[in-house]
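The form predicted alone is given below as one chain in structure tokens.
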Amino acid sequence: MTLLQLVINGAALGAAYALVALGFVLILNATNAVNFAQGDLVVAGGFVAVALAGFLPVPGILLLPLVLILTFVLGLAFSLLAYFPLRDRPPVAVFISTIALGIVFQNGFNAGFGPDPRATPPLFAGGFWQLDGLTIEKQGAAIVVTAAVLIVAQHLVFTRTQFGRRLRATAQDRDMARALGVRVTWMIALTFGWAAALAGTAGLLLSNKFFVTPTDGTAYMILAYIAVTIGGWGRIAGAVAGAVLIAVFEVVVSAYLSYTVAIAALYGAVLLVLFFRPQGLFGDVIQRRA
């Protein structure tokens, strides 16, 4: 398989990773807290799609709106349980509460669906295109297009609407936003909801190719954390770029060496980034006074 073919395959995986990392950054910007259950929300999206497919045997693209809505509601509930009761406590309290709720999710998935891998329906019928010796899977292309539509839609909402301005104001300075009349609590709850909807969509997209099990959330959480670290903490565009980079890196190294080597090399790359550019590859340098 050629290097270009591997990059194309990695781009589809990276598009799904980008949705996970994007939700991770949104929560971080809005609350200054890390949601360690973001990966478990990806798994939640996968199992929601599996459950819906049991009642509605339709292509995944028709299940997508339902997954978005249900995981959005799940995100709202998550904020009520894991964030708001502890929002005035030190950030470590929120970190621990998200970890605890993630464990509850994992055990709930295991009780409801069992430990065996499950698959979601493909977005469209399978197949592929041939282009100058390259094979482009229709499912992979659909994942890239779906992720791109959601990312662009979010960008437009954030930059072109009054709601988006209020959301960004909440993320930048909650006290000032509250003084200007923004309903900060409601904005934060909506951020949790949208972050969960992005993660749930990623779960639907990934679970068709890689299946879903109750304990997959930890791996997705670590990948999102690495993507945000490489892209630059708090930077939405950096998180998307970091997610695509690590996915392409994972696919290429796995093909030439092995998946184990790819993951080990990925951790090594993160250490190098932290050593030479602690602000991330796409982050701004912060000048400190001596």
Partner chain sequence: MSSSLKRLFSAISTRIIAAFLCCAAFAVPPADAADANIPVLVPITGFLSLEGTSQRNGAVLALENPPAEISVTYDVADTSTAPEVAVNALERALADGDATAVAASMFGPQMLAMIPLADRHGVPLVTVSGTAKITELGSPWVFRFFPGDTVAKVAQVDYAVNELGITKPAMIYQTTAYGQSGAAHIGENLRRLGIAPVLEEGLDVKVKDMTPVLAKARAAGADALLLQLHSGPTALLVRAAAAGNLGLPIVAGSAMHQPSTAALLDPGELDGVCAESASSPISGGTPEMDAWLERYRAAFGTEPDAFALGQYDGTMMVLSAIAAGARSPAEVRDYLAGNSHDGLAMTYRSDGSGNMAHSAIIVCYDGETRIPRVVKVFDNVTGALD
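Note that the structure is a prediction, hence the values are computed from the model and not measured. Residue numbers count along the first chain shown, from 1.
Unshown form predicted in complex with its partner chain; subsequent notes refer to it.
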note = Picking from Ala33, Ala51, Ala255, Ala265, the single residue whose non-hydrogen atoms come within 4.5 angstroms of its partner chain in the model of the complex is Ala255
ask   = Using a 4.5 Å cut on heavy atoms, which of Leu81, Ile136, Val184, Ala119 is close to its partner chain in the model of the complex?
value = Ala119
key: Proximity of Phe24 to its partner chain in the model of the complex, heavy atoms at 4.5 Å   = no
ask   = With the cut-off set at 4.5 Å between non-hydrogen atoms, does Pro115 touch its partner chain in the model of the complex?
value = yes
message = My question is simply whether Phe210 lines the interface with its partner chain in the model of the complex - judged by any non-hydrogen atom within 4.5 Å.
response = yes
task = Answer for Thr161 alone: is it within 4.5 Å of its partner chain in the model of the complex, judged on heavy atom distances?
result = no
inquiry  = Counting any heavy atom within 4.5 Å as contact, can you tell me which stretch out of 161-169, 70-78, 191-199, 102-110 lines its partner chain in the model of the complex?
reply    = 102-110
query = Along 11-39, which positions have a non-hydrogen atom within 4.5 Å of its partner chain in the model of the complex?
reply = Leu13, Tyr17
